[in-house]
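The chain below stands alone, shown as structure tokens; this is the form predicted alone.
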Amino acid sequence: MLDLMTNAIEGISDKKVTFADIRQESRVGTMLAVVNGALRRFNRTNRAGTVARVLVGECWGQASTTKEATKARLEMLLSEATKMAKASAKYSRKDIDLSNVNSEQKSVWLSVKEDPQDVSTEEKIDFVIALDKGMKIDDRIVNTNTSYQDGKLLIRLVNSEGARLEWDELRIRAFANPVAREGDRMHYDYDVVAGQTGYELIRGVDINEFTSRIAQGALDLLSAEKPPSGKMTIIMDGDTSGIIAHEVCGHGSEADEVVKERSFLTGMVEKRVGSDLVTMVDDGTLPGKLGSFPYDSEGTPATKTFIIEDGIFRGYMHTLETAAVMGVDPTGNGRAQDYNRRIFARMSNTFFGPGEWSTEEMISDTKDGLYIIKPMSGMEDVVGGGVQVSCLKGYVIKNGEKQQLVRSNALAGKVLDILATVDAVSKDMTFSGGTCGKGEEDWVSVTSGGPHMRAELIVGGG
């Protein structure tokens, strides 16, 4: 297939075409969902497609198909993409130079102990039902939701600079969510296991420990108190600090927003954006993480990109196009949901770097504040730099001691103000995998997380 794709690329004769690539994807996977002991969803995915891109001037043309990738069909895709690019290029203002494109010829295959595709569907269903059943530890657990998902992606890519690449990505995820009710109070808890690995991740789950722990978490929230409100000292767990890294600093550092001057981080390179304790990276090379990959959707190798280093903003996450426009190297962040979607600058594994504190030291060093854990969602204002994170629970800190449990709360503030107040960062790091959309669509797998961090934020909720 790589030979067929290469021959099609080499057959381009239109001199106005300055760059072209062809990417073929095939996906297989399983999605299961169980609600209150009943199997509510069972999907099997088996689909494939091919996309060709062509660059003329500064304009891209793109054409895709789900049909078999024959020589004639690949040539047709390139022809259609060329027509689209040339039509737009009539109004082109400049040319984009993509001479700094990866031209490797390489195959990269993920090594796992047990491919989920070799595990029977019956065994996967048994696992999800066992998770669901395990959360029924008390009559006050009135609702249970569990899910399992695996997916294997095979990608082949060639470009006009000589690249011939093929690689695979294998992701797996399990989720459990118990809901507890007592009188007019209702609360939930959740947990996730996820990674770019094999079914050994699932075999390593202690079902009794996993389910009873989160079920008890939901029950404990029934008697939790209302959180205090106002601006105060917050110690946030790694998942919560990761949401802040992802939602505002992450999306604000995607270079396709920066070149349009739609990010509050436009023009901030080499300027201070936080205290000396703040470092933030996007690293698509981390082994086993959900947001990792050998190459992005343009064939650029995944990299570790320093976005903030010791409080100084260092740079953005780039596609081939944005890197060329800004005169820097591509960072391997050009990602598309699939062959039928456009490539955008997207995150991979995005997080704040570790510090020197232990969590216990941070708590004992705090006279008055909140210890916040378990984020539920985040909202960003990429233009203004504001953030709001809804969290499931936390604990009041008084005189260096963790005290009463408090229920749902929301953290808010301007991210540059928040990062300026960071005065303690923990050594421990936690990571959570999920998906991220560009706006309301174009979903890709990512990881966030990081260390515990102490900063000043506005708290509301209850």
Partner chain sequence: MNLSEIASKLVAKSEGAGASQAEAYAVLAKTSSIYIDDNIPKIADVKEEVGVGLKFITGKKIGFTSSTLLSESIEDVVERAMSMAKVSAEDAKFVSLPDPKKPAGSSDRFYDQTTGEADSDVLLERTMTLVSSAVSDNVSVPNGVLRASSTDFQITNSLGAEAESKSTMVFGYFTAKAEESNSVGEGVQRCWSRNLNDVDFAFIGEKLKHQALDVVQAKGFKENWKDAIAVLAPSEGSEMLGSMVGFAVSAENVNNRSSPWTDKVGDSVAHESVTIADNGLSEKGLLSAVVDDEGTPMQTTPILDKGVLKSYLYDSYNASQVDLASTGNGIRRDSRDAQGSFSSPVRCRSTTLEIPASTKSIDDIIGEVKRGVYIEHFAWPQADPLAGTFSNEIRNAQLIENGELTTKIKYALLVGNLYEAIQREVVFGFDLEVHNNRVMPTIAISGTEIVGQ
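For clarity, a rigid core is taken as the largest C-alpha set superposing within 1.5 Å between two forms. Residue numbers count along the first chain shown, from 1. A quick note: this is a predicted structure, and the numbers were derived from the prediction, not measured.
The form predicted together with the partner chain exists for this protein as well; it is not shown, and the discussion that follows is about that form.
Asks: Would you confirm whether the three residues S107, F127 and A194 all fall within 4.5 Å of the partner chain in the predicted complex, going by non-hydrogen atoms?
Replies: Not one of the three qualifies.
Asks: Tell me, please, which stretch of 267-275, 142-150, 198-206, 306-314 lies within 4.5 angstroms of the partner chain in the predicted complex when heavy atoms are compared?
Replies: Contact-bearing stretch, as computed: 142-150.
Asks: Of the residues V112, L222, M84, L286, which one places a heavy atom within 4.5 Å of the partner chain in the predicted complex?
Replies: Among V112, L222, M84, L286, a heavy atom within 4.5 Å of the partner chain in the predicted complex occurs only for M84.
Asks: Quick check on this chain: which one of K374, R342, R213, R164 has a heavy atom within 4.5 Å of the partner chain in the predicted complex?
Replies: When the partner chain is considered in the predicted complex, the option within 4.5 Å is R342.
Asks: Do A48 and the partner chain come within 4.5 Å of each other in the predicted complex, heavy atoms counted?
Replies: A48: yes, in contact with the partner chain in the predicted complex.
Asks: Is there a heavy atom of Q24 no more than 4.5 Å from a heavy atom of the partner chain in the predicted complex?
Replies: Yes, Q24 is a contact residue.
Asks: I'd like to know if H187 sits close to the partner chain in the predicted complex, meaning any non-hydrogen atom pair within 4.5 angstroms.
Replies: Yes, H187 sits close enough to the partner chain in the predicted complex that at least one of its heavy atoms falls within 4.5 Å.
Asks: Whether D423 contacts the partner chain in the predicted complex should be assessed with a 4.5 Å heavy atom distance threshold; does it?
Replies: No.
Asks: What residues in 34-54 sit within 4.5 Å of the partner chain in the predicted complex, counting heavy atoms only?
Replies: Residues within 4.5 Å: V35, N36, L39, R40, R41, F42, N43, R44, T45, N46, R47, A48, G49, T50.
Asks: Take the rigid core as the frame of reference and indicate whether the C-alpha of E58 shifts by 2 Å or more between this form and the one not shown.
Replies: E58: C-alpha displaced by 2 Å or more between this form and the one not shown.
Asks: Align on the rigid core first; then say whether the Cα of I418 has moved by at least 2 Å between this form and the one not shown.
Replies: Where the cores coincide, I418 shows only a C-alpha shift between this form and the one not shown that is less than 2 Å.
Asks: Superposing on the rigid core, do we see a C-alpha displacement of 2 Å or more at N399 between this form and the one not shown?
Replies: Moves: no, less than 2 Å.
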